[in-house]
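A single chain comes next, written as structure tokens; it is the form predicted on its own.
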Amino acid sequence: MNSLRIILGDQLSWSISSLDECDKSTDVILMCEVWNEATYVRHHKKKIVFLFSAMRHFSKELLKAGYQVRYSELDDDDNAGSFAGEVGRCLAEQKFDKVVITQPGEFRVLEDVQSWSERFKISVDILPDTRFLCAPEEFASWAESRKQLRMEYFYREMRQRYNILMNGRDPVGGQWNYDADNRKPPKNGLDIPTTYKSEFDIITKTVSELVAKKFADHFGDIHPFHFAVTREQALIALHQFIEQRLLHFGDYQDAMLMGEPWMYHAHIGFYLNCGLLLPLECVQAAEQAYHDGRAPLNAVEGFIRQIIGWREYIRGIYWLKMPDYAQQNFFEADRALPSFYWTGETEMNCLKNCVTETRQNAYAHHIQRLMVLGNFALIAGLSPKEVNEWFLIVYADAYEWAELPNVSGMVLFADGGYLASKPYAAGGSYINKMSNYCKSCAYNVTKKNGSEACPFNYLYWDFLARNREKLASNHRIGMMYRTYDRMDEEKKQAITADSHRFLATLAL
């Protein structure tokens, strides 16, 4: 039997299940750059360059290893423009007994693949994606008996299952979670290493010219481009993080500084989510650094929790709750996304910096996404559909399985608390504490009301006031309502008036 084996752009792993039992003498591997995938949302130009270049590099490695590879470039004359179209074209030109594919990471792609058997009159084997550490069926079983799904308990079970930072059945150090130690504000004199920078080779150069021509109207800058585009490069990026930044990752993982978009973060989400790196190897590299005395426990545990805890957890939520999860809108928010999310043209310096760096790098770290860009979207009542699309477009590590639960569940509380126990809303004081953004802002973060006041300050209270009916019973924010109730009526009216005035400007 000969098989047509599909490898998608986020499946660039030698251990991908669609390569299992591949017969190099008869089977053909199909990889394709298709217009539909690059444009179903208007992805950041750097994101497209990164994925197309990584795909082309991986296909060359497969060929070198003796596999038969059929690779469709975007500008091939006969490119059908879609996954199904390219599969159909291949099946029309060559006879195969079956199609083999690893389960796609996104629901819409899986639905398409599930239609192929009837459409093309051929057997289609959809294999599990074994690169992840918790299968969707396993997560569903874990979730079935629980009234509330909390990541912390899932994370502990994953630690035990994979024996990560464990001393028998107990966590190394006596605690499961060191998050309380990982919230230090930035200080002067931090020596922040540069992020990994790869060589801009001929493949990436060719792809960048293609993207500049075909996707000129998409958001974002192509240059400078220094992402890893091969597994070898991605491993170097991982090693560089372990050796140079993991030491301080825990202490300053929530910190934000102007001109320092990378901070002490790993910047390997790009490579994990497209398959160039595997989660367990990243976790074990960090764990080994702790055992070797090269990194403290709070940093190593925090990094590991992001991968085997949060990353696996949100993927589990995605497959458990789709497709309905994409429609969640607990607060019935419907305000259009302001233009400054694209242009960066706003007097709010924190937002200006985060959008500008996003445009330049197709990257922002998790606190910039959650507590600046996301916090504003939450308290301003922006449409979850538009906010989700923006996050999916602008970040090179964004795929719907990772983006949607993070944005709808964590950022916007659009699922009403299914994923997070409270909305992550905050005023300007949090941003001021964790960054130096406020020092260069046109607004005054210490002022609570008036035209000079930081908009986060009054929008925060306005958000609580207008959503009181839905949030008053949440025990984690009850104290904030008691604080609001102690305000005099003049103060409350000023909050409402300032918020209405400011929000009206977003539509201009």
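The shown structure was predicted, so the numbers you read here are calculated from the model rather than taken from an experiment. Quick note: we count residues from 1 along the sequence shown, nothing fancier.
Another form, the form predicted together with a small molecule, is not on view; read the next lines as being about it.
Residue among Glu403, Glu357, Asp415, Glu106 with a heavy atom within 4.5 Å of the small molecule in the predicted complex:
For this set of options, the contacting one is Glu106.
Contacting member of Val69, Ile477, Val34, Ala465, with respect to the small molecule in the predicted complex [4.5 Å, heavy atom]: Looking at the other structure, the residue within range turns out to be Val34.
Report task. Examine His43 and determine whether its closest non-hydrogen atom to the small molecule in the predicted complex is within 4.5 angstroms. Result -> His43 belongs to the contact set for the small molecule.
Given that the partner is absent here, does Tyr460 sit within 4.5 Å of the small molecule in the predicted complex, heavy atoms only?
-> Flag for Tyr460 set to no.
Taking any heavy atom pair closer than or equal to 4.5 Å as contact, tell me whether Tyr264 reaches the small molecule in the predicted complex. Tyr264 lies outside the contact set for the small molecule.
Worksheet item: Does Asp10 make contact with the small molecule in the predicted complex, using a 4.5 Å heavy atom cut-off?
Response: Asp10: contacts the small molecule in the predicted complex.
| query | Based on heavy atom distances of at most 4.5 Å to the small molecule in the predicted complex, which listed stretch, 465-473, 479-487, 46-54, 59-67, is the contact stretch? | reply | Every other range fails; the passing one is 46-54.
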